[in-house]
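In structure tokens, the next block holds one chain alone, the form predicted alone.
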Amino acid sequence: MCGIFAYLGPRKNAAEFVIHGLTKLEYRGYDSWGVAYDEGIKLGIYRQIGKISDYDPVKTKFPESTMALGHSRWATHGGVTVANAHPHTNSDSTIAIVHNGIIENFDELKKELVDKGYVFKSQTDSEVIAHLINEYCKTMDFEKAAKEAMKRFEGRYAVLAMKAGERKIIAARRGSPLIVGIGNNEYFVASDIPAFLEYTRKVMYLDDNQLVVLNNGTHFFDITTGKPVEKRVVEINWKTESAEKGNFAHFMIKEIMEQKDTIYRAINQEDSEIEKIAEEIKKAYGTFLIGCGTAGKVCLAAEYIFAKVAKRHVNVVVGSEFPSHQDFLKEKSLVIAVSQSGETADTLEAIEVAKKKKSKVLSIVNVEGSTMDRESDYSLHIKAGPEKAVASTKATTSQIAILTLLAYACDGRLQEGKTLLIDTAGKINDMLNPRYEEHIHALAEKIQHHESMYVIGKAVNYAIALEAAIKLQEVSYIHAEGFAGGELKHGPIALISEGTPCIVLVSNGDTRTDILNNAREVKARGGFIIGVAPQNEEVFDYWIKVPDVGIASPIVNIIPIQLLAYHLAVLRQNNPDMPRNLAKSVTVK
């Protein structure tokens, strides 16, 4: 959600360079963008509504500059206008800021500044940052003024600031990610690593309540105390090409196809680490699985997997609702947080609640070095590589694989679990072939004009029905609902009319007969039954074959839905990588 990128170094095309970096963050979701660059006496500002890719470097020429900061905005306070786009400045454009997050006390600060004669040009909470720094600059230098201003802000934020004529970028964070890249006598600051990955793999992470001054080095400080903070340089092992589309039309289809490999990578964990965490689960006084959106559905699937495999109950709570459950937490409780980015605001707040209660925290996360990763007592990295499409695909199945592995380890059958998942990964490799994709594309052509569809499942596949509906909603913009098959008769079956598509998720086992009976109920009301199952059934109007992998069925059952959602999006002329109104990493509550 929103992207930040800044540069300070010897390059003389800083504005164009920052715009190029912002294109690497387009997957985060945005509706406007802009850049500020140093012209000496004042700062140059360029802001636009729409896509960064619409920028024409031939038509728009920037003067030479060696320092610039940029931003892609996803509107929170104020509508989508040029005036509300970042960067924001003080009245004479000598100070510029970009900001992710929300300044929760901006009303109070704005009133204070208006009373002192400041005029606001936007509807945003962000503009108060530039004016407050300006106010402090009346009695102190820029660096001290920025530090004092940061102490005043409440809420979660990432802020970058620069001042005309001063070769210095100041960056601060509280709850919203910021990463410093260290190059050859040059520095980068971004909300995510892909912005500068092609230039350096050396990074330094800002933790909460920390500020960094970039000039002829990196100088970190604690925002509250003002004291210097020692930081270390971390080497990132991502490959540049892993963050690019290659020969694929979109990141989403690339990432779906990468599931041939990512399941193997996810389960390639040290046995001792998995067994150590399994012991923590077994001795915990209450285990809570938390996640938001897709990660929340993964947690729900894991609840069934732990019950079936390990005969163990785990509690599942949506991240944003977790503070309401804090009274159940004890020192011996274990909170397992699931996230792709490791920066989801609601999940981070849940972790804060757990730590206040002195409960232990395990993160299952894709991005190493993310806030969740650093704030947790234990971390398991799913190793899926960069996931840039907003709709999560490969990270989802990798998260399910890790949680399945933990369930088997809790029952003392880790190797059995690994064998099952290795077998599942091999069958996914066989499944993801051109003919399979063509079969799903043909289905997409058949149902592309429907505006409503339904997905049903039972037990662990009820969770996957909910996740399937999310995928279809996100990228195809078709109204999709997921239900437990047995709940149809309690209301949802009233929504079925002639030809309504209904996807039925089936796995062999003790729920097969029941879910097929539910499918027959839908068909009797005129529904078009799409079966995702190991074998064809008489009730199916269209069959999508998946391998029979037992309790790992959530992994193989969601993949064809991911493909279907992708092809529906393309046929309906939507951008599957950047769905409207959505962002990859939700860093505001």
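Everything quoted here is computed from the prediction, not taken from an experiment. Sequential numbering from 1, following the sequence displayed.
Only in words, not in the display: the form predicted in complex with a small molecule, which the text now covers.
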item	value
Residue (of L403, V316, V390, A459) lying close to the small molecule in the predicted complex, criterion heavy atoms within 4.5 Å	V390
Contact residue in the predicted complex, chosen from S126, S72, S341, S476 - any heavy atom within 4.5 Å of the small molecule	S341
Answer range among 391-399, 256-264, 477-485, 434-442 for contact with the small molecule, defined in the predicted complex as heavy atoms within 4.5 Å	391-399
Contact test in the predicted complex: H131 vs the small molecule, heavy atoms, 4.5 Å	no
is_contact(V203, the small molecule) in the predicted complex, heavy atom dist at most 4.5 Å	no
Partner proximity in the predicted complex: S320 to the small molecule, non-hydrogen atom cutoff 4.5 Å	no
Contact test in the predicted complex: T294 vs the small molecule, heavy atoms, 4.5 Å	yes
